[in-house]
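Next up: a single chain in C-alpha cells, the form predicted on its own.
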C-alpha cells in the first residue's frame, strides 16, 4: 500500500465518507497533477479534529480552494488536501444605515460572493468579479485587481491553528502587502472573514461588474486552462508580462504548455500539458527574462507536491 492509500485508510477510520483519493488535475485550474488524499471538512470542529490527527500522525496538509494559483506535481502529493465546505462555505449579510457587514466562511466562492454583493447593492468587491478562488485563498494572497484588493474592505480574519485553537486577527494585524499576508508564513487555516462594504445602486454595481468581466475576457486567455498570473510584479514596478514579451517569449511552448500570445504572464494548458511541461517553461521564462533585462521574476503561484 503506497503512502496515499495508507493515509487515506487512516483518515477514513476517523472521517468516513469525507475522505477520498482524487486526481489533482480535477481540482486545479491548470488541470494537471496526480493523486492526493482529499478531505472535505464541513465545520470548524471537524477541521480541529482533522488538524489534531494529522499533527499526531505527522501527516502534512494543504488547504485547497478552487485550485487557482496552484501547480500540482504530476506525481501527486503527500499532503492531505483539505477543502472547506458546509458551515465554512456560508455567508451572513447584515445591512446597516452606513453600509454592509459580511461574515463569510473561508470556503466561499469569491466570484459568486462578488456577484451577490453587486446584486444586493454592497459595494467594494466589484474588482473580484471573475477572480477564481475562495475567500480564504483571496485573503491568504491578498488578491486584487484594477487598483483594489481584499485588504481594502477587511475587518478581521478568524484562523484555526494545528492545535485546533481559534484566533481572530484584525485587519491591520494581517500585514497585507502586494500579494502577501502574514498567513503565508503561518501554519493556520483561514476559516472565516469579516468584511465591511459600502452601499450603492445594484444596477450601477452590476454594470461595473459586467465591465470588469469584459475587460478580463479581452485581456486574459480564459478559454484555456491556466492558473492566473504566473509571476509577481518586480519591485521596479515593470509588469511581468511586458518583461516576458520583450524577451521574445510569447507563444513559447514546452510540450502542451504555452506562454499565452494574449497575455505573456499567463502560461496556458493547450490540452495535454503536464505539470513538468509548465515547470520547465516557468524556468525558461525566468532565466530568459533575467538574461534580457537583469530582473529576476518570482512566482506568484504556489507549488503542491515535489518541486526539484
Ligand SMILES: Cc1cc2nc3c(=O)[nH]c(=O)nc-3n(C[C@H](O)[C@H](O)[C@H](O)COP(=O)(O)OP(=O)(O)OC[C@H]3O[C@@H](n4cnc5c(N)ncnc54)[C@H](O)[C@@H]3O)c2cc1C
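Positions refer to the first chain, counted from 1. As the structure is a computational prediction, the values presented were derived from the model and not from experiment.
Keep in mind that the form predicted in complex with this ligand is missing from the display, and what follows is about it.
- Heavy atoms within 4.5 Å of this ligand in the predicted bound form are found in exactly one of 113 to 121, 201 to 209, 128 to 136, 93 to 101, that being 128 to 136.
- Proximity to this ligand in the predicted bound form, defined as a heavy atom within 4.5 Å, holds among 195, 80, 141, 174 only for 141.
- The single contact residue among 68, 265, 38, 31, judged by any heavy atom lying within 4.5 Å of this ligand in the predicted bound form, is 68.
- At a distance threshold of 4.5 angstroms between non-hydrogen atoms, residue 18 is out of contact with this ligand in the predicted bound form.
- In the predicted bound form, none of the heavy atoms of residue 306 sits within 4.5 Å of a heavy atom of this ligand.
- A residue is said to contact a partner when one of its heavy atoms sits within 4.5 Å of a partner heavy atom; residue 154 fails this definition for this ligand in the predicted bound form, lying far away.
- Shown alone here, residue 228 lies within 4.5 Å of this ligand in the predicted bound form, counting heavy atoms only.
- Not one of 24, 279 and 299 places a heavy atom within 4.5 Å of this ligand in the predicted bound form.
- Although this ligand is not shown here, in the predicted bound form the stretch 169 to 195 places heavy atoms of 179, 188, 189, 190 within 4.5 Å of it, in sequence order.
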